[in-house]
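Only one chain is shown below, in structure tokens, and it's the form predicted alone.
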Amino acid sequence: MNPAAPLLFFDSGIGGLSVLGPTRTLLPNAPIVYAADSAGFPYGPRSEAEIAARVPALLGRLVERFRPRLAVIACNTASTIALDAVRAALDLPVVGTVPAIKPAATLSRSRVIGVLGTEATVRQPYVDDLASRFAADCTVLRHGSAELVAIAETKLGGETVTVDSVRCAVQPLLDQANGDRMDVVVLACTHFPLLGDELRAALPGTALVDGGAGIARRIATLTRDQPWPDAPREGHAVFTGGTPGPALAAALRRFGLSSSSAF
């Protein structure tokens, strides 16, 4: 294994940074390539057929260009729709991102949990399967919010976002039957942990669960005993829709991604 072979993170936008962050903590010397399909953003309103065709094709090009040791689909929507196809197409380990329903059910005392994701994620049979396997005794409420994804992108782009705007975006989840009893919410979109402070203020007394730390541990396990560079290196970010503006570039630098380019 070449020590310089990177970990490849893929998302429709900047949500995958919530997975990259805990991975950096566990594997500080790991070379990183972060790929954002900004030309296809957002995935939530797109059809399953579009995502199933687009994601494997893009990842195939990225793997050919960067020769990673492992790929991470740091996007719940892409994972719930295209993970199997990507694994079949690529000759390397592929880690997906799926809603953290199992730990949410473990935490819940009221037995009412929420799943907050994109429109495409919350309607997937994959989510039905997770709920039946790990939360059969729970009421599972779902809400898909394209607005909340856009708010997260706005925040990372350097603009101010308000708790009121986040509260309005999540209100449909609370308005459902038994919404007042909900004590755990699964952040089933990697964008949403980037709004952690705002979501905690908008959902007081509600535990928020996401899969970022668990995915980081899975990456560390799959790359155990592999060689890494002797010191941390700056990561590389690529965007299908062109290079980011100065504010987003500054946010990327906070995650160790100091160079960016179009893909």
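When you see a residue number, it is the position in the sequence shown, counting from 1. Here the structure is a predicted model, which means the values were calculated and not measured.
This next part talks about the form predicted in complex with D-glutamic acid, which is not shown.
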| said: I'd like to know whether Phe41 contacts D-glutamic acid in the predicted bound form, with contact meaning heavy atoms within 4.5 angstroms. | reply: yes
| task | Using the partner position in the predicted bound form, report whether Ala82 sits within 4.5 Å of D-glutamic acid, counting heavy atoms only. | result | no
| query | Heavy atoms within 4.5 Å of D-glutamic acid in the predicted bound form: does Val115 have any? | reply | no
| request: Using the partner position in the predicted bound form, report whether Val149 sits within 4.5 Å of D-glutamic acid, counting heavy atoms only. | output: yes
| message | To test your reading of this chain, name the stretch in 103-111, 160-168, 117-125, 175-183 whose heavy atoms come within 4.5 Å of D-glutamic acid in the predicted bound form. | response | 117-125
